[in-house]
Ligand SMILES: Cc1cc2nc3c(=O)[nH]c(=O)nc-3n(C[C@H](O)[C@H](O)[C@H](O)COP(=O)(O)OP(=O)(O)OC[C@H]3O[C@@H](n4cnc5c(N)ncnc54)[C@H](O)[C@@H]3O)c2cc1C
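First, one chain by itself: the form predicted on its own, in structure tokens.
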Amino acid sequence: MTSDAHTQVLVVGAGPGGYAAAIRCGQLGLETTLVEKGRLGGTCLTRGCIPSKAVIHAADEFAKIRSEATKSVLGIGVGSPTIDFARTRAWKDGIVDQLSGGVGGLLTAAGVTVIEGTATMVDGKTVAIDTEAGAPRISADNVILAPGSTPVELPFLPFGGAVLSSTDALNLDTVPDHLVVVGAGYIGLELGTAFAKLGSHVTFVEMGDRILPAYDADLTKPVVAELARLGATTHLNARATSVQQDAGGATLQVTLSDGSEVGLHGDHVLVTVGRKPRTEGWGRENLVLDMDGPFIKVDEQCRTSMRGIFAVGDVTGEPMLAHRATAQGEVVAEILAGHRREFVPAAIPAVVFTDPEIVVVGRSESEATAAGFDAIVGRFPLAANGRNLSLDGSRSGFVRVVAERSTGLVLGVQIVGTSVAELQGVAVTALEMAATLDDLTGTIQAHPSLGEAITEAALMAQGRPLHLPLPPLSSRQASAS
């Protein structure tokens, strides 16, 4: 098949997986072309991770100031605060512009050719690109598919008007008086908590029997308590059935756990029931790719079933996280440059930016047991950590370390608490380097810091806590055996 141009590597999609692959390919001397119809950075940078964290931070600051105005434990007195959410949005958009522009600069510096347009795979080596200037075809020695994912849209709750996707919610100019959130997974909880702090009355509708159903109940209990303190309403075992929009917003019809029906009216209804891989709209039907359920099947080198075609990011399976995509993209680039690489991480961290934050790295106790390990657990309450108390006085939260009893090999770390997201780096490093409990307890953490709690949790697993009373002798003997 004829083409207008040829390149060594063709990357479809400029999200975290695609742009990372393209940058690394260029750095390694491979002639690389990247095709993207939207802004550089993909969903995470332009419509998801980054803008949502900016809004969450603004909401946290506003809630703190509002709290100081009425009941400051720090002795700080301020007037009644207000928020101009249009200015908040402009600040958020400025961060996105800066980072997206930075990605463009990195691609240019790496010598990557960027084409703005919609890519359609014609065959395993050729892509047609719909651009404003025409529809050129480019052939390639190797193709990296990184089309990403899209929000799941319910048939009876189509996005539009007062029914919002997560992207729509981040582009509001005003804080809604009442926000109804369908789905209490991490996206719904993060955004719902932020708007509750900004002054919205938030109502969650969740089909499951608890919020954040993908996380164990111990980790979510402090989040449930904070939602109650913020005045949010949560309907569990509840099912949304239809919506009626009007001039004042929308009314969501919901079947509650007892079988009764209720209409929940809000300025907006935010639908956050998950994301799905974007496997349509770029010519998959013209390829012969093996699938793994809704995902493109790949091996440990991110190779698909077609020679010379690789896939990275959300389209390749769970967890659908930006940092996983970035790591995959780097691996593929180095493979194409002749390096020996595989994508076999010891652990991929997950962080939920609720209040308090949740960090999960590696296996929980139940997961370790199910995998055949004889697991021991150390749990240290953040109420006994000086830095935690000096941050906001919170007495909720803990650090939990899971290890193999016989060897002390660290199998997992779970954390819930205020400002604990950054601790994921310590946990990931420990698992990737096959650290043992002795490695953790032999590490000197700065005092006062939240990091001390990881060491303390490891000491607890060994039955020799320093800043908590010793457990009964029988428990210590069991841990040591």
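All residue numbers are counted from 1 along the displayed sequence. Only a predicted model underlies this, so the values are computations on that prediction, with no experimental measurement involved.
The next section is about a form of this same protein that is not shown, the form predicted in complex with the named molecule.
Does at least one non-hydrogen atom of Arg278 fall within 4.5 angstroms of the named molecule in the model of the complex? Yes - in the model of the complex, heavy atoms of Arg278 and the named molecule come within 4.5 Å of each other.
- prompt: Does Ala22 reach the named molecule in the model of the complex, with heavy atoms at most 4.5 Å apart?
  reply: Result no; Ala22 lies far from the named molecule in the model of the complex.
Exercise for the section: Look up in the model of the complex whether Val35 has a non-hydrogen atom within 4.5 angstroms of the named molecule, and give yes or no. Expected result: Yes, Val35 sits close enough to the named molecule in the model of the complex that at least one of its heavy atoms falls within 4.5 Å.
Discussion item. Is it the case that His323, even though its partner is missing from this view, gets within 4.5 Å of the named molecule in the model of the complex, heavy atoms only?
Written reply: Residue-level check for His323: yes, a contact with the named molecule.
With the named molecule left out of view, which of Phe343, Phe398, Phe373, Trp282 would have a heavy atom within 4.5 Å of it in the model of the complex?
Selected option: Trp282.
- Ok, Val298, Ile187, Ile358, Ala333: which has a heavy atom sitting within 4.5 Å of the named molecule in the model of the complex? Of Val298, Ile187, Ile358, Ala333, the residue with a heavy atom within 4.5 Å of the named molecule in the model of the complex is Ile187.
So if I measure heavy atom distances to the named molecule in the model of the complex, which of the stretches 314-322, 206-214, 239-247, 284-292 falls within 4.5 Å?
In the other structure, the partner sits against 314-322.
* To do: Using the arrangement in the model of the complex, list in sequence order the residues of 9-38 with any heavy atom within 4.5 angstroms of the named molecule.
  => The stretch touches the partner through Val12, Gly13, Ala14, Gly15, Pro16, Gly17, Gly18, Val35, Glu36, Lys37, Gly38.
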